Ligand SMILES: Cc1cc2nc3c(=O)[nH]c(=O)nc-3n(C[C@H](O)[C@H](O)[C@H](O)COP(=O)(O)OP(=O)(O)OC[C@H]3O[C@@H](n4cnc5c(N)ncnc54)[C@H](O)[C@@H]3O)c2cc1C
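Just the one chain here, laid out as structure tokens, in the form predicted on its own.
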């Protein structure tokens, strides 16, 4: 397994759980796009025009996470927390309200029926939000989890199952016909099958793709603050002056603000980028005015040409490439892990 983000870790776990001997290569597991993710498993709130196929896939994600949670519990006796609070979608001004209306129209075309809600009827749902936001759409069935917790539990479970983690970058891969080989600066490792879950990073030398899929990095940044506990209320999503904003609130007042999206790969947080995010956050959620800024996190999301994930078997057939999950890496991790398991079992 080359790549130790949440997809690589989950894939390693399912394979090891089914009896495979797994070696995972990553110089810093869990510190790529997963590190910056907010952890939303929100198929309905992520609906976008032209992404019907992606939506149908994401609908399977929450049940898959529940199943993965059960398997983790069986191995390490610790429960992964999945918070099924739904989503509240709101608008900042009249132009943004038209965007909310457009979202509702597309959602209904996908078979989703958001519920209109008003502050006057359900004030708790709007707690902490600007007083000018008096209505919104509630989307039931959406959830969130903490990617840090998921990574920690998967890491612990992989250790119990004997997954060998090599903190090195794979430079070159080979398909020997009867097996695979991966080379780092210090060693060469051989196995029966290999999976590249490298996210937005370049593939190692020797990986022979079909050329149908091509991943580009899309930079995303989240800010982490402490001071507002909306953890029993829906995740907030908003349109603010045409931009998108979300707030995921965890118990104890830890909040994740996001997300920026830049077609750039430089691993930096720019002042203007941060300023826009915080301005949008304070406009929509003025209760954050006194919150403490804890940190910012940056990640490069792997976006495919058609913005859809893929699992491509590479010629001549014993390596596979799992990527293109873009902003849905956490959401789709257990489904990508199932693809890895099916691939491995198909070659036994």
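Numbering follows the first chain given and starts at 1. Since the structure is predicted, the reported quantities are computational estimates derived from the model, not experimental observations.
A second form of this protein, the form predicted in complex with the named molecule, is not displayed here; the remarks below concern that form.
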query	finding
Heavy atom contact within 4.5 Å of the named molecule in the model of the complex, the stretch among 297 to 305, 48 to 56, 312 to 320, 282 to 290	297 to 305
is_contact(residue 328, the named molecule) in the model of the complex, heavy atom dist at most 4.5 Å	yes
Heavy atom of residue 28 within 4.5 Å of the named molecule in the model of the complex	yes
is_contact(residue 344, the named molecule) in the model of the complex, heavy atom dist at most 4.5 Å	no
Contact test in the model of the complex: residue 245 vs the named molecule, heavy atoms, 4.5 Å	no
Listed residue that, although the named molecule is not shown, lies within 4.5 Å of it in the model of the complex (heavy atoms), from 137, 129, 170, 236	170
Stretch 1 to 20: residues contacting the named molecule in the model of the complex, 4.5 Å heavy atom cut-off	2, 3, 4, 5, 6, 7, 8
